[in-house]
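Quick heads-up: it's one chain on its own, the form predicted alone, in structure tokens.
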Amino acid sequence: MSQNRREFLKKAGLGALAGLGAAAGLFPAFALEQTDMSSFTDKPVPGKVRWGMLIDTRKCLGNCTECIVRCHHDHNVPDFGKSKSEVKWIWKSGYENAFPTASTQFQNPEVLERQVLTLCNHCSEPPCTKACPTEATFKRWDGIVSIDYHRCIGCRFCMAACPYGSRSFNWEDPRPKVKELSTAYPTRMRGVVEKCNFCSERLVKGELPACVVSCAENALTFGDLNKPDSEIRKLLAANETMQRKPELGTLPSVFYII
């Protein structure tokens, strides 16, 4: 591994994973539309990780969809088009759809017209995990909300419980609709739910999520929210940020700079 790559992973809080292949951890509780830094752990505790993402909407402009294309290719997301059967892991939403409870009074018109990247928020208090009767969807030791496709019975209770619309259901067999098969991630079957997994299959190899590395504008920052000197924590401390529907108390791990 090159020195530059080691430094890059270290800034993101991925240094331990680069050497060990995996990390275990916990997740502190915090929420507020404006990030409250006092709720983070001041002293990092070895082995306690909470992965998070920061999206700078000032850099994510125009019609670029490179991160979406890369994510959907790597994870064999089927392309059913804009239909009832649409499956998506990461997508762009209008500002008011992404932040329906945020005040738009006297907001800059340019901001209101932005297309905002949206995905699973990997909440610290995920309502989806409480709704699942088979525990097919669960919160991992590192804060990632994951799905065991073999345990999913297709009841879609998790979809009803998710307030962000971040889950998709395979109404049809998804495999024939995968444009170019990737060996990086397994395909799914008809009758199961799927969503963003923060590229957990890449994290165990010490690699950043596919959407992060594919963004030419460096609009996405990923790292350990429990590590005060990680790049994401530094950016959260230096910028006013937002979360989606923070009043619900789900404590999202995805933040936005507007």
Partner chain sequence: MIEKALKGGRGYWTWVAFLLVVIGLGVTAYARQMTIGLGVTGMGRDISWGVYIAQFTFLVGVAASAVMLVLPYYLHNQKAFSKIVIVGEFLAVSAALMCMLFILADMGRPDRVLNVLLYPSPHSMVFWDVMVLNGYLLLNLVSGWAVLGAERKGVAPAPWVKALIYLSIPWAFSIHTVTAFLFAGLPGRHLWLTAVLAPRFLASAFAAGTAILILLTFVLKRFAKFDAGQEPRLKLAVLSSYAGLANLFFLGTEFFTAFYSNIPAHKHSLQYLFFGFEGHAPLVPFMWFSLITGIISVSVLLSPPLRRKNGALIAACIGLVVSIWIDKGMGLVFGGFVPTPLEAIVDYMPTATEISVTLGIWAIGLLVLTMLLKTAIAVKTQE
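If you're wondering where the values come from, they're calculated on a predicted model, not measured in any experiment. Residue numbers count along the first chain shown, from 1.
Not on display, but discussed next: the form predicted together with the partner chain.
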Check: Do heavy atoms from each of P127, Y149 and K245 fall within 4.5 Å of the partner chain in the predicted complex?
Finding: yes
Notebook entry, point to check: Is there a non-hydrogen atom of Q115 within 4.5 angstroms of a non-hydrogen atom of the partner chain in the predicted complex?
Noted result: no
Margin query: Does any part of V69 reach within 4.5 Å of the partner chain in the predicted complex? Heavy atoms only, please.
Written below: no
Margin query: Test of understanding: in the predicted complex, would K179 fall inside 4.5 Å of the partner chain by heavy atoms?
Written below: no
Margin query: Can you tell me whether N97 touches the partner chain? I mean in the predicted complex, with a 4.5 angstroms heavy atom cut-off.
Written below: yes
Check: Pick from 179-187, 85-93, 106-114, 70-78: which stretch has a heavy atom within 4.5 Å of the partner chain in the predicted complex?
Finding: 85-93
Note to self: Using a 4.5 Å cut-off on any heavy atom, which residues of 138-170 would contact the partner chain in the predicted complex?
What the structure shows: Y149, H150, R151, C152, I153, G154, C155, R156, F157, M159, A160, A161, C162, P163, Y164, G165, S166, R167, S168, F169
